[in-house]
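Take a look at this single chain, the form predicted on its own, given in structure tokens.
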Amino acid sequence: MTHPAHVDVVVVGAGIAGLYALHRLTEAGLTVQGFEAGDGVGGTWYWNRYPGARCDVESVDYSYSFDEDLQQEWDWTERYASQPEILRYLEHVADRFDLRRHIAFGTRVDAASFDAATHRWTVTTDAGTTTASFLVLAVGCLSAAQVPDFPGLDTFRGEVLHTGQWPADGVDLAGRRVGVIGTGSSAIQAIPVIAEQAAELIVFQRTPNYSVPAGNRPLSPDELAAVKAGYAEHRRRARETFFGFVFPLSELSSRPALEVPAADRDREFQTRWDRGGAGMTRAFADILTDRQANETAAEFIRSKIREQVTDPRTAELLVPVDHPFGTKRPPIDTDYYDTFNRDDVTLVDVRSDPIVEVVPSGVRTGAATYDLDVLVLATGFDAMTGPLLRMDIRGVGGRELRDKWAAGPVTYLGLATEGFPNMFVVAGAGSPSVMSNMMVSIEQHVDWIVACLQHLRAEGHTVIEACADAEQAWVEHVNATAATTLYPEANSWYLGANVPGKPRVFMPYVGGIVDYRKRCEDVAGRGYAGFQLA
């Protein structure tokens, strides 16, 4: 398709955030151009097609709330939707609201630069350039794959795959020897499914992870009908929760863990374990803020691992001890720990026996060489900042975003950054983002951006830029809020710890979506306080 020379807004990305941004911006009467590197919509759910890929937020919550007819017409089939189902949903949304006509697919944005004289962004893609008054970066938080620099990786004779860049046509693993490097969320979903397909599976684990059963199951017609009948109230309640989705709460949930008798504590943990899903961190009020309280939940999960894994040595290798529960993204799984009871699955502890190199036949550690046909890198992403910094983004005076963020991301509300006028980031660093139901956070961010642009138009302004003092105050608040929790104690991708050389800065805002939304509304209500309008 040919791109317009100039539009009101360029939107980069056609995932959940990009699609909603295109819908709301065009609905507001603005001209838009979307750019998407993939050949279709979906973002995360276009690229992450690895075996077992599914959402860790319940499907009735991980869906748009902006259109009642859309809510009523779409029927989710499982409690936790699989990648193919989520992709079908997003394709349905794109078609239903005629969004594809605004998107240039297979088009990667290489650079964007702001011209202070014209108040315009010039967006350079591998297919040409387009100028825009405003730039909306809806590139996702987990879209820049992190590939470790293993010596010899390019010499491997077999097939190398990354979970975040899985081939659209799938991969036949039957009868093949497969190695998986990593035990984060993607690996924990993929490993049980790969084990069922492959002749042999070798799992290379550096850091054991806490995982809780998903409790996934089909959604019955009656259950789905009940959700749809009460969707408006369900969504309202979700927006008033800390993370943006409704956990089942008990009379104990508001109490500190250590004030509850041990037997009652364990019953509460067991109830949540049996139900499955992500509710364990909310069992008691201080699981994520008090180390002793956290240890009660951590030890409960460790006991479950030891119960499920029959070989005591393997069980101990799978037991996490070096970080508090929930401080890395807490995975939910289907049969993860049981997979290590299979005779054709081997766990290699690369903390005690590190990977030395990849050789033509497989992977060599200090103690052994493992012959493989397929090597799966479940090594995660350059999260949150990576998708932005892999583009050459330049603000006033040619200042590079890479330079400004050299010591870590600096934003105001996670929405904007000083020196880069008329540029907005959806669900970026400094916002609840990955610490929330992304659907709720994305809708809130896009709605705020659209209302801001409408305000500028009504008042005759053409430029909006975050003020340096407001930005600094926000960064300090984000850091101070994180420091009240246990999150910074883990070497997680929340801090960029999985990327060599990346600054160790806790990136998401952990004050909760209710607090965050009120702050955003207050800023807008005071005429966009903390921004300079011109």
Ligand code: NAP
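Don't overthink the numbering: it's just position in the shown sequence, from 1. Remember, it's a predicted structure, so these values are computed and weren't measured experimentally.
Just so you know, the form predicted together with this ligand exists too; it's not on screen, but the next bit is about it.
If you superimpose the site C-alphas and bring this ligand over from its pose in the predicted complex, none of its atoms is within 2.4 angstroms of a backbone or C-beta atom of this form, and that means open. You can rule out all but one of 399-407, 294-302, 350-358, 104-112: in the predicted complex, only 350-358 has residues with a heavy atom within 4.5 Å of this ligand. Scanning Ser436, Gln444, Thr417, Thr379 against this ligand in the predicted complex with a 4.5 Å heavy atom cut-off leaves one residue, Thr379. When you look in the predicted complex, the only residue of Gly184, Gly158, Pro192, Pro213 with a non-hydrogen atom within 4.5 Å of this ligand is Gly184. In the predicted complex, at least one heavy atom of Thr207 sits within 4.5 Å of this ligand. A residue is said to contact a partner when one of its heavy atoms sits within 4.5 Å of a partner heavy atom; Asp56 meets this definition for this ligand in the predicted complex.
At the 4.5 Å threshold, heavy atoms of Asn498 reach this ligand in the predicted complex. Using a 4.5 Å cutoff between non-hydrogen atoms, Pro218 does not count as a contact of this ligand in the predicted complex. Of the residues in 121-159, those that come within 4.5 Å of this ligand in the predicted complex through at least one heavy atom are, in sequence order, Leu142, Pro148, Phe150.
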